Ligand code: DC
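What follows is a single chain, given as structure tokens, in the form predicted alone.
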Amino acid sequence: MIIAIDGPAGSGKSTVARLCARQLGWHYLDTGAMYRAVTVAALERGLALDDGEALGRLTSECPVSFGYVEGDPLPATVAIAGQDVTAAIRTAAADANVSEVSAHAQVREACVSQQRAIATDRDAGNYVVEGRDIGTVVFPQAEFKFFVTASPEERARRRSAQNAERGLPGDYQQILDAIRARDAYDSTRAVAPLRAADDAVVIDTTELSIQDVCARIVDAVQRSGAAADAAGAPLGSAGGAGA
């Protein structure tokens, strides 16, 4: 079974997805980390970020993999072509360029193929998957779909606080401007634009805590009986899942 959680940058969807995965004991697939890994690899190789063909080949030839600790549904590491990029994908450079890289049809096609292979592996169990087009493109057949959003101002405040915790620079107004620009870019791009699936439950997190949002999602899954049906599914073991 799959829970699809979509939403714009800074909406809290990644944190929510991780918490839901822990509470349900399901795997967590961070699709955004895959696009960020491709972005890091492209920057390191000096590839032109407007060259969709070259970036598509890179994505196909350099698979992303996640390293898990046995019994933990959350991946501990992210690698591309065997290179650990766990820290590199959270840098300002990755933030600034991932939208351009992920907008290419060739990149998305390769990543979506990898994502489907991971989450539909019968031996892998159940997945909480988050991104921007999970419920609309990647897994339109997902049993549960949620679209998590918040005001641009609240998302900028959260990102600013996160940067401060990580010791990273980040002016609130600059972050707000970047979020607004990314929203416009992601929602109007030709390939897999950001939008809520027609059958998704939309949750505005502006006035909600992460715990409140997670509780709504977990409650919806548990009321359906899906959590009980999925009980006993294997969690990721050491060695991880390859994309």
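Note that residue numbering follows the sequence shown and begins at 1. Keep in mind it's a predicted model, so treat the numbers as computed, not measured.
Below, we refer to the form predicted in complex with the named molecule, which is not included among the displayed structures.
Enquirer: Indicate whether the candidate residues T31, Y35 and S99 are all in contact with the named molecule in the predicted complex, with contact defined as any heavy atom within 4.5 Å.
Expert: So, yes: the whole triplet contacts the named molecule.
Enquirer: Just one of 150-158, 79-87, 133-141, 169-177 has residues with a heavy atom within 4.5 Å of the named molecule in the predicted complex, so point it out.
Expert: Correct option: 133-141.
Enquirer: Classify D183 as contacting or not contacting the named molecule in the predicted complex by the rule of any non-hydrogen atom within 4.5 angstroms, answering yes or no.
Expert: Contact with the named molecule, no.
Enquirer: Give a yes or no for R216: in the predicted complex, does one of its heavy atoms lie within 4.5 Å of a heavy atom belonging to the named molecule?
Expert: Answer no; every heavy atom of R216 is more than 4.5 Å from the named molecule in the predicted complex.
Enquirer: Is R189 a contact residue for the named molecule in the predicted complex, using a 4.5 Å heavy atom cut-off?
Expert: Yes, R189 sits close enough to the named molecule in the predicted complex that at least one of its heavy atoms falls within 4.5 Å.
Enquirer: Answer with yes or no whether R108 is in contact with the named molecule in the predicted complex, where contact means some heavy atom within 4.5 Å.
Expert: Contact with the named molecule, yes.
Enquirer: With the named molecule taken in the predicted complex, which residues across 10-26 come within 4.5 angstroms through any non-hydrogen atom?
Expert: Only a single residue, K13, comes within 4.5 Å of the partner.
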